[in-house]
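Taking the form predicted alone, here's one chain by itself in structure tokens.
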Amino acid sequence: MEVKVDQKDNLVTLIVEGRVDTTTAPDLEKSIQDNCKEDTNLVLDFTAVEYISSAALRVLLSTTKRLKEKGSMVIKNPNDVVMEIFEVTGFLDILTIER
């Protein structure tokens, strides 16, 4: 997995590529923590994400909760495989997703 950062004021875009699984989810979490304050509007560009595991879902859930008060989180461009994972797990109701 690779994460590229684009930051403009309180808008942070993390462009995520590859698989976000048990091995790489901690790296995604660290990238989010290093680049996002509580008032950050976070965009996770998932265009190049091939797969996400339950470890990745945990990171997304904790980030959504942390940013809920003053910031926001949007996941953009997930592929059909990732969308199916969101659907099966009920995360479509929890996350803000733009396709």
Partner chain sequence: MAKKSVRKMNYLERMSHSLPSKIFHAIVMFSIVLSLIAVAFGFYLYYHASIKDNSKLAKNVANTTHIVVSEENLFRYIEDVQWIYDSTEENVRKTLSDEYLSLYKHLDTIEFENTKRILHDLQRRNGVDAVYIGIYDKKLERLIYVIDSENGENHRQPGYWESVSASESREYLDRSLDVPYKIENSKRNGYTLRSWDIVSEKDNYLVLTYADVSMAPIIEQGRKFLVQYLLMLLLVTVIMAVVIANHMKKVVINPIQKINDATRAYIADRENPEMALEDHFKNLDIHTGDEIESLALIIADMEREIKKYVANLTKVTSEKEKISTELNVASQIQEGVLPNVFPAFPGRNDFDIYATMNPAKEVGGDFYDYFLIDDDHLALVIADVSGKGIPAALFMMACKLMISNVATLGIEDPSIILNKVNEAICKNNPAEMFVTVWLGIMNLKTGLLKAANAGHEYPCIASKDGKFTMVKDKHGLVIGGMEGLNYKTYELQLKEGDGLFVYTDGVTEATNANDELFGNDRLLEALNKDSKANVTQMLDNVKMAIDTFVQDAPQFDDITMLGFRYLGSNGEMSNMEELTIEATIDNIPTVTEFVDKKLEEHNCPLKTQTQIDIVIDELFSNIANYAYDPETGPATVRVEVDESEPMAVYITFIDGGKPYDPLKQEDPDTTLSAEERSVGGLGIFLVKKTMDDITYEYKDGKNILRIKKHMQG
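Numbering follows the first chain given and starts at 1. Predicted model only: the values in this text are computed from it and were never measured.
Form predicted together with the partner chain: not shown, discussed below.
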Answer key, the partner chain contact in the predicted bound form at 4.5 Å (heavy atoms) among 34, 50, 38, 27: the residue is 50
Using 4.5 Å between non-hydrogen atoms, is residue 57 touching the partner chain in the predicted bound form?
yes
Is residue 94 one of the residues lying within 4.5 Å of the partner chain in the predicted bound form, judged by heavy atom distances?
yes
My question is simply whether residue 17 lines the interface with the partner chain in the predicted bound form - judged by any non-hydrogen atom within 4.5 Å. no
Q) Does any heavy atom of residue 11 come within 4.5 Å of a heavy atom of the partner chain in the predicted bound form? A) no
2, 72 and 99 - do all three of these have some heavy atom no more than 4.5 Å from the partner chain in the predicted bound form? no
When the partner chain is considered in the predicted bound form, the residues of 1-30 having a heavy atom within 4.5 Å of it are 19, 21, 22, 23
